[in-house]
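Encoded as structure tokens, the following chain is the form predicted alone, with no partner shown.
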Amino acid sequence: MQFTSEQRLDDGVLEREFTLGEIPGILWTPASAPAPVPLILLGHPPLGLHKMYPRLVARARHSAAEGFATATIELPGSGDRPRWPAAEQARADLHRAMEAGEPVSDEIVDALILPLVEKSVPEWQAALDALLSLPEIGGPVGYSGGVISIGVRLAVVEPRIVAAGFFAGSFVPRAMFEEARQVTIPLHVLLQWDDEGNDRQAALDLFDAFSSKEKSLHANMGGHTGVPQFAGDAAAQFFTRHLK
């Protein structure tokens, strides 16, 4: 891991951009919490870190106020990373179906999500190796955000992640439902009830599939970007219970 830039935000949070091989990422650490601090990995859709930055830094600052470090990485084929023609074709097929008012087929969902999971999860694990080697970062570790299928796979294969907060706002391949049955860590799942791009019933079925003894579903009215402020507060309380 190589740090490439550093700035102190106005609330004292230290923001450092880094590269891990060809993978860009960002690490935020709180100003005053005693080190080492727990870590939350911030998941996000494959829209590029630059586009997602306002939402990511808001989540990071909220977490820093609770005493957590947070980090994120650029997903394969996104941002400044090399283009991924197969993923771009899958996204084009998805948009074409949605604009035509047609059902999104399992084939489109599989082509869009499954290769992304296969490529990105090992990168998240490599980033976690590097982050936990820093003296200011300790355990335990949580995962927060989307793409939910990436979070499901990480919850299954990565024992260092002890709690997860998922955003139920992306398409889920049928194969991921079987993996969901292997998830046993505590879960906090956020669902926007009127999310125009989300299959609500599939989100409910996925939640039902999780084998976690502690899992809670928080459904709020509104579309994909209408998440209320108190939903973030509830997620922070969840991570405080399980990471501190």
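Worth saying up front: this structure is predicted, and the values here are computed from it rather than measured. Residue indices: 1-based, along the sequence shown.
There is also a form predicted in complex with another copy of the chain; it is not shown, and the following applies to it.
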Mind telling me which stretch in 66-74, 211-219, 31-39, 53-61 gets its heavy atoms within 4.5 Å of another copy of the chain in the predicted bound form? 211-219
With the partner left out here, check for me: in the predicted bound form, does some heavy atom of residue 204 sit within 4.5 Å of another copy of the chain? yes
Spell out, yes or no, whether the shortest heavy atom distance between residue 193 and another copy of the chain in the predicted bound form is within 4.5 Å. yes
Using 4.5 Å between non-hydrogen atoms, is residue 237 touching another copy of the chain in the predicted bound form? yes
Taking the shortest heavy atom distance, is residue 200 within 4.5 Å of another copy of the chain in the predicted bound form? yes
What residues, if any, in 229-244 have a non-hydrogen atom within 4.5 angstroms of another copy of the chain in the predicted bound form? 230, 237, 241
